[in-house]
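Next up: a single chain in structure tokens, the form predicted alone.
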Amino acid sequence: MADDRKEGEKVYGEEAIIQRYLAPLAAGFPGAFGLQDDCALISPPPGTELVLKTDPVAEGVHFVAGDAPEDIAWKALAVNVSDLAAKGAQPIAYLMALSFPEAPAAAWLSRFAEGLQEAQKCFGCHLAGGDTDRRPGPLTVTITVIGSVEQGRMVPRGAARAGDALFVSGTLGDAALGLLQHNDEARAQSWALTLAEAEHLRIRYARPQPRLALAGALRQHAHAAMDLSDGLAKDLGRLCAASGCAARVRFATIPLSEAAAKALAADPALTERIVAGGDDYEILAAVPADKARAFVADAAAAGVPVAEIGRVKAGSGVTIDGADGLPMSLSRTGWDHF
């Protein structure tokens, strides 16, 4: 990996950016051809199908200029890999397009590449190709990740059935609260968080952890699944709309971290932020009731905690019962770019 960190030094020329900073990320993946060809070549493992996902991150929307380049890189890859995890797939490689408003700083590129190296090592994939350009507008990182799954075993979004138990992995709301804290450092103090709890929320926002270890349990037991990127309320609504069904969830059953529970106790108005804030990158799954216990056991064996939060119903729409047992009235259901 390049280690060129002279203060203020810029990198000019696509070849310099690609060969000095990005080509090392393709090492170990023969189909990338050292990033010296116009295309990459992928041979999926025998008996598998390819699963593809594209999700860009842009300055001013998903991160700000002062954020650590390592964190930007990690998140750019993680948000894509999270979708593969929800499909029961494993990542193979990814393509990346980098759009810069001006020539990038050498130190920034070096740290960005280090973040990608760390992420792809954790997720088990390599950079296979892509492009760089310069254009007006914010810095944008667009990644297309390519994964594989056994033929006929991808877990779809639109196959939930009435009577299915609804599960989520991990804890919800941490990233949304982490963003609030990121934008207003006084939040941590007002929520009476310890330094460790405040750091937990920061990390959950800056470095989401795709639940790849849950893929096997999803393939084995789930009717439907998707990752939670735009908020539980919105994404559950999407799953129900695709499946032609409804859902009812109890807020009291939604798993919270100690930090989120503490923040909520200090400010009960955060309830909506927890169900509609987004950036969780956990997995929502609809599992047949008679397979629920086995799903929980297999998830635990894989090291991923899951919690049942409600049921799929006949009909349409999503109801989330609040702490008082009455349906919550949300001013918004989740993140929407438009």
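The first residue of the sequence shown is number 1, and the count goes up from there. As the structure is a prediction and not an experimental result, all values here were calculated from the model.
What comes next is about the form predicted together with a further copy of the same chain, which does not appear here.
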| property | result |
| --- | --- |
| In the predicted bound form, the one of A294, A302, A58, A27 near a further copy of the same chain [non-hydrogen atom within 4.5 angstroms] | A58 |
| In the predicted bound form, the residue from C122, A103, A162, I203 that sits within 4.5 Å of a further copy of the same chain by heavy atoms | A103 |
| Contact label in the predicted bound form: R219 to a further copy of the same chain, heavy atom within 4.5 Å | no |
| is_contact(T140, a further copy of the same chain) in the predicted bound form, heavy atom dist at most 4.5 Å | yes |
| Non-hydrogen atom contact L84 with a further copy of the same chain in the predicted bound form at 4.5 angstroms | yes |
| Any non-hydrogen atom of A40 within 4.5 angstroms of a further copy of the same chain in the predicted bound form | yes |
| Contact at L50, P136 and A241 by a further copy of the same chain in the predicted bound form, all three, heavy atom at most 4.5 Å | yes |
| Region of this chain that lies against a further copy of the same chain in the predicted bound form, out of 286 to 294, 32 to 40, 66 to 74, 270 to 278 [heavy atom, 4.5 Å] | 32 to 40 |
| Stretch 202 to 228 - residues with a heavy atom within 4.5 Å of a further copy of the same chain in the predicted bound form | A225, M226, D227 |
